[in-house]
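Only one chain is given next, in structure tokens, and it is the form predicted on its own.
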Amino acid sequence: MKTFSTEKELQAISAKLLKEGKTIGFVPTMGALHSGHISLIEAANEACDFSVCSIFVNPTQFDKQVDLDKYPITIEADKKLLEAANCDFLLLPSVAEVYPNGKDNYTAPDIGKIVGILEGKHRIGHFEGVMQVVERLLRMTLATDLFMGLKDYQQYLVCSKMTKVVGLDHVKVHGMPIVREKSGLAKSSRNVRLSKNGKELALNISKRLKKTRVLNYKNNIKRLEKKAEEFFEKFPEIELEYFEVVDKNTLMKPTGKDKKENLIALCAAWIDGVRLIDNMVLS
């Protein structure tokens, strides 16, 4: 695996590969890698000729400085995991390299209401920061394919729409399945900050999503959401931020008759001061 810190160094190789007709699969990360990230690298290796992973803790997508300060940095361990997964290239840029004109000099593209709901409603400016860094990294790597985990389902939809708006519609965006622990807990870099009891409590998120999937055939959307809220009220240590059932393509409430074959339940909750998200398609 070759490691680069600058756009110029990486593009010298990427441009040559593209001229040879090769495809480049890109996995953007903020480090603290786990098996979920590695599954994306494996998918990139399988679908493309070369794989590129970036490790960059993007300051513009954190709405709270405390979350940025607490984000785990595990570069050496991350490198070993990437090498074991046969990742071809690693991009380790500085903030100045990613944002040479300043990180605040950015106007987000208009991709519709999707940026202001769910995660966007509770994390003001988050998706603007996500679009900013993903667009920049795609241009730095010259990637032909982008691989994203569906745990951050809204992020996947946002980036899919963003690429089309900013002239990167040639990039194929792949949404890859959520990787879970044996217990059912969705893999996340934040899980390491949970106490033993916190991890046990966190299992209730995936349990409720599974229950909602079962009940989808018997209840309407408002009833599904109400039952979920009542369930989490039993656990005072869990601070539920939202639990919503929406159309999986628009993330909006379906109009008219509920199209139960096209719904997704999304959840965000705080446990041990750690914000966790998860989702499950209900069909």
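Throughout, we count residues from 1 along the sequence that is shown. This structure is a prediction, so every number in the text was calculated from the model and none was measured.
One more form of this protein should be noted, the form predicted in complex with adenosine monophosphate, which is absent from this view; the next part is about it.
For the three residues 64, 120 and 129, a heavy atom within 4.5 Å of adenosine monophosphate turns up in the model of the complex in no case. Among 98, 201, 178, 171, the residue placing a heavy atom within 4.5 Å of adenosine monophosphate in the model of the complex is 178.
A heavy atom within 4.5 Å of adenosine monophosphate in the model of the complex is found for exactly one of 151, 161, 208, 136: 151. Using a 4.5 angstroms threshold between heavy atoms, residue 70 stays clear of adenosine monophosphate in the model of the complex. Among heavy atoms of residue 246, none comes within 4.5 Å of adenosine monophosphate in the model of the complex.
Among heavy atoms of residue 52, none comes within 4.5 Å of adenosine monophosphate in the model of the complex. At the 4.5 Å threshold, heavy atoms of residue 155 reach adenosine monophosphate in the model of the complex. Figure note: of the listed segments 237-245, 224-232, 33-41, 210-218, the one touching adenosine monophosphate in the model of the complex, with heavy atoms no more than 4.5 Å away, is 33-41.
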